[in-house]
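First, one chain by itself in structure tokens, the form predicted alone.
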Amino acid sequence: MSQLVALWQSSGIFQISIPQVAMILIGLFLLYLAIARRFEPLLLIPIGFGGILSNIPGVDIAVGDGVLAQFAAMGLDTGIFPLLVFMGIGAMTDFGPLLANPRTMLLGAAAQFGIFTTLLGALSMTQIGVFDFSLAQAAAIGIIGGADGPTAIYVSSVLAPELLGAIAVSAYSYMALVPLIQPPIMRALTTHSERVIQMKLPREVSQAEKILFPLLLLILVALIVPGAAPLLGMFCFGNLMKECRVVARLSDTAQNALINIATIFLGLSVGSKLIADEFLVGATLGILALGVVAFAIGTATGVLMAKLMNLFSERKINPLIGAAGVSAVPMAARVANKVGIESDPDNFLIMHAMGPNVAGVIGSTIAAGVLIQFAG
């Protein structure tokens, strides 16, 4: 009888707590979003599954010598996994639309306004006693506004590793909800006549331009903002491998096998941070609230920047592509195209929207470097 009692008391059912049950349900919800709704499945599936594993009682899988804890220590705490993912993203990126219309760089820059607005908001709410965020924590929360998951994870691993789980879940949740969050903001800030503006086809960009651009971008930015060098360096290196056309095998590896492996380990490592005692705290609600505000502001400022540019330019920009300045590539560009087609079925904006979309990736990495230097 005593053996049965001991067996029962060692079971997970006996040891599980209400917070752990809540976190397992959150993990299942993330899996539902990924599988049933197709929201960012490449990362939400390993994050959700890792979150479930991390909250199984009686098994220290996410702490100490546990396998998920080892993954996190190996690639998350060091920042290696998000950097490898960024290399793969660079290898899949085409700077052509941005180089064909350099003005769209301003749209990507404007969309980063949400990052710094949220940073100030988090500090203000700390001042009035609503939350208790340090400068480093506020900076890590603000980067959610860039809608760039790997960048958010990298910055939080450097500045606020204790908030990494909440920041990662917030960043990828809002990235997944781009088709729901952005369109109402875009429609509210534009008129029908603005949404039907047709833009000229972009010019042909030479291969020499595509090769030189990542090199010049890295050198110039790294010399001004050294903190951006790791993220931007991996991004530009991946892009250079793609555009130089002499290392096709390396480019193919970065675009496929390497980024897939890194994504699996990154997602499981983030899931290891979803331990109930660390995630179910008041700060998490603050991060989720500030994250959606950051994303909404970034979307709005991108659209408003396009409208402002149209006041001083004969070549009008469709303001919808300003919303693509957040760096959710390529989803934000697809959303801009979809909203445009709703007003004019013959107005295809996808190629034009990719310019500010790629500029948003660059802008978020530069913003990340500034925050790391400023708050680190």
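Note that residue numbering follows the sequence shown and begins at 1. Small disclaimer: the values here were computed from a predicted structure and weren't measured.
Note that the form predicted in complex with a further copy of the same chain isn't included here; everything after this is about it.
Using a 4.5 angstroms limit between non-hydrogen atoms, Asn256 touches a further copy of the same chain in the model of the complex. In the model of the complex, a further copy of the same chain sits within 4.5 Å of a heavy atom of Ile224.
The closest heavy atom approach of Ser193 to a further copy of the same chain in the model of the complex falls outside 4.5 Å. Although the partner is absent from this view, Ile24 contacts a further copy of the same chain in the model of the complex, with a non-hydrogen atom inside 4.5 angstroms. Only one of Ile219, Leu285, Val130, Leu180 lies close to a further copy of the same chain in the model of the complex, with a heavy atom inside 4.5 Å, and it is Ile219.
The partner is absent here; in the model of the complex, the one residue of Ile185, Ile264, Val292, Leu280 having a heavy atom within 4.5 Å of a further copy of the same chain is Ile264. None of 270 to 278, 246 to 254, 292 to 300, 158 to 166 except one has non-hydrogen atoms within 4.5 angstroms of a further copy of the same chain in the model of the complex; the exception is 246 to 254. Residues of 99 to 133 that come within 4.5 Å of a further copy of the same chain in the model of the complex, judged by any heavy atom, do not exist; none qualify.
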